[in-house]
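Just one chain follows, in the form predicted on its own, and it is written as structure tokens.
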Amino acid sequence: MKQAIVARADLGMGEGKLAAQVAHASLSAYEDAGRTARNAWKGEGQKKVVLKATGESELFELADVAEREGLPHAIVRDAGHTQLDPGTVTALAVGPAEDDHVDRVTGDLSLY
């Protein structure tokens, strides 16, 4: 079981902003998962990987694939209180789900 969080590399987010957006995505996708997947993922150590996206359109394309695959996922839009404009799409989380299922969506992406 794992979760992949895909963050936009084109926004130039500071380290703290990036960490916050990744955390928002992770929790939101976790809440989208069923109880069985949540419990299995928690029991296996909550494995996560953070990956790079080139822009907003890539996040939406990946979210569409996750939706078609029936995987829990979540898109994050920033509130605009600090570095970014309100509504800026910053990250996508896919999973928790079986590793190979998550890899079908995000397996070709580079580590952040």
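Just count from 1 along the sequence shown to find any residue number. Everything numeric in this text was worked out from a predicted model, so none of it was measured.
In what follows, reference is made to the form predicted in complex with another copy of the chain, a form of this protein that is not presented.
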**OP:** Examine residue 61 and determine whether its closest non-hydrogen atom to another copy of the chain in the predicted complex is within 4.5 angstroms.
**Re:** no
Original post:
Is residue 67 close enough to touch another copy of the chain in the predicted complex, meaning at least one heavy atom pair within 4.5 Å?
Top reply: no
Subject >> 4.5 Å heavy atom contact, residue 50 to another copy of the chain in the predicted complex >> reply: yes
Subject >> residue 46 within 4.5 Å of another copy of the chain in the predicted complex, heavy atoms >> reply: yes
Original post:
What are the residues of 26-64, in order along the chain, with a heavy atom within 4.5 Å of another copy of the chain in the predicted complex?
Top reply: 26, 27, 28, 30, 31, 41, 42, 45, 46, 48, 50
